[in-house]
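Quick heads-up: it's one chain on its own, the form predicted on its own, in structure tokens.
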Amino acid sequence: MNGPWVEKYRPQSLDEIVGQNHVTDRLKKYIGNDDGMPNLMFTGPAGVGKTTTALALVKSAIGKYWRQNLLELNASDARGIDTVRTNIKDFCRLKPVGAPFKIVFLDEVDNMTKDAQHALRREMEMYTKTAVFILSCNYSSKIIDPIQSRCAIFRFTPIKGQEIINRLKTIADEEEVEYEDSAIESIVYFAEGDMRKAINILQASASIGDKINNDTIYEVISKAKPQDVTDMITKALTGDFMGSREILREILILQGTSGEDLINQIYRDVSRRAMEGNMDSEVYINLIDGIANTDFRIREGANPRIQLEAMLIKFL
């Protein structure tokens, strides 16, 4: 393995980024624009390309001196007011080197304290002519309104399954790794639109076998096989509680799946049945209520196996 594949195959330009055309098409208008670039806020779930897009934009907008004119901070580590008052202020005070402006990229800014966010707002006001701020977060609701109003907001969406499949196959071919198509589809199922997670699963699976197949995938992710979850729910819905309970035991004990992961897979399977019209709406509502209560109890520390067995009784 030649290092993390996530970094090795990170897109270097906006044209290489997949699944976010509604964002990259808008951002391209800022490149080479004499009017400059506004402050930007990238918001969306993890692993969909927010950081990659920010770095690709910086390289395109500033050119060969992008490293000298970029301050990149992860707000999860540097989240206090002192960081804003020292690192960011000192950087913004310096004159840009071979570029029209400097760029401050703050990743995971929704983890900053409220005091730090208010201090950041002040810096954004003071250095509007010399610095551009790019903020990245998972939840824009955690960002104070004064900062949101100073940014053009770009909302990233989960990457579609087919686009993840194409990317994974390209990487596997580059690394000369054999794979089964069904294994790639399994990765997409568990990644849930997260490209970073999908690539990491692919690399981990490639490291434990000569060929990537479903067995290596399940060994890596330690989650229940989708077919087992479907069979468990089907038996419960048809009144076979003991058969359903036996599958649950195998998933939790023999496969080593956690209660939190399994409850999410159960929710996805039940929702899929409802969307396909294979479940009455009233039944679906009752099941979702039971799933929600079970999820709450497990997260509060209750025994997962007991709670999941109790939940299966409600499926009868």
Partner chain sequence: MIWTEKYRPKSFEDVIGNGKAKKEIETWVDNWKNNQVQKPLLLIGPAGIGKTTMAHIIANEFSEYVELNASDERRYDDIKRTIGESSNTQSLFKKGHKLIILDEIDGMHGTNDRGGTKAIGNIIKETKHPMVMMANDFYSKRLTSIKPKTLVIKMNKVHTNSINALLKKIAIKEGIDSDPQVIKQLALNSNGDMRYALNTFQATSEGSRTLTMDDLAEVSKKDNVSTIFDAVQRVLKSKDLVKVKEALRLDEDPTLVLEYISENIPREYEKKSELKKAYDMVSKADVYFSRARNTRNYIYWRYASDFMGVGVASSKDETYKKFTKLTGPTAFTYMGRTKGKRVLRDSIAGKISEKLHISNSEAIATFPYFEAMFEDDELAWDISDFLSLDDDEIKRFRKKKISKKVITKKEKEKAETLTKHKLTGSVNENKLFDSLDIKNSKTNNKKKQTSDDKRISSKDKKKSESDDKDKKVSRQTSLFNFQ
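By rigid core we mean the largest C-alpha set that fits within 1.5 Å across both forms. Residue numbers count along the first chain shown, from 1. Bear in mind the structure is a predicted one, so any value in this text is a computation, not a measurement.
One more form of this protein exists, namely the form predicted together with the partner chain; it is left out here, but the text below deals with it.
Q: Tell me the stretch among 120-128, 201-209, 149-157, 91-99 that has any heavy atom within 4.5 angstroms of the partner chain in the model of the complex.
A: Among the candidates, contact is made by 201-209.
Q: Only one of Ala116, Ala183, Ile103, Ala224 has a non-hydrogen atom within 4.5 angstroms of the partner chain in the model of the complex; which is it?
A: Flagged contact: Ala224.
Q: Among Asp215, Asp107, Asp228, Glu192, which has at least one heavy atom within 4.5 Å of the partner chain in the model of the complex?
A: For this set of options, the contacting one is Asp107.
Q: In the model of the complex, does each of Leu55, Glu174 and Arg305 have a heavy atom within 4.5 Å of the partner chain?
A: Yes: each residue has a heavy atom within 4.5 Å of the partner.
Q: Can any non-hydrogen atom of Ser140 be found within 4.5 angstroms of the partner chain in the model of the complex?
A: Outside the cut-off, so no.
Q: With heavy atoms only and a cut-off of 4.5 Å, decide whether Asp269 touches the partner chain in the model of the complex.
A: So Asp269 does not count as contacting the partner chain.
Q: Against the partner chain in the model of the complex, would Glu163 count as a contact residue? Criterion: heavy atoms within 4.5 Å.
A: So Glu163 does not count as contacting the partner chain.
Q: Going by a heavy atom distance of 4.5 Å, is Val132 a contact of the partner chain in the model of the complex?
A: No, no contact at 4.5 Å.
Q: Taking the partner chain as it sits in the model of the complex, which residues of 294-316 have a non-hydrogen atom within 4.5 Å of it? Please list them.
A: Counting only heavy atoms within 4.5 Å of the partner chain in the model of the complex, the contacting residues of 294-316 are Arg297, Glu300, Gly301, Ala302, Asn303, Arg305, Ile306, Gln307, Glu309, Ala310, Ile313, Lys314, Leu316.
Q: Classify Gln12 as shifted (yes) or not shifted (no) between the shown form and the other one, where shifted means its C-alpha moves by 2 Å or more with the rigid core superposed.
A: Gln12 C-alpha, core-superposed: shift of less than 2 Å.
Q: Core-aligned, is the CA shift for Arg167 between the shown form and the other one 2 angstroms or more?
A: No; that C-alpha moves by less than 2 Å between the shown form and the other one.
Q: Based on a C-alpha change of 3 angstroms or more, tell me if Ala198 and Gly259 lie closer or farther in the model of the complex than in the shown form.
A: Compared with the shown chain, Ala198-Gly259 is farther in the model of the complex.
Q: Could you tell me whether Gln255 and Ser186 have their C-alpha atoms closer or farther apart in the model of the complex than in the shown form, knowing the shift is 3 angstroms or more?
A: Here the pair is closer than in the model of the complex; there, farther apart.
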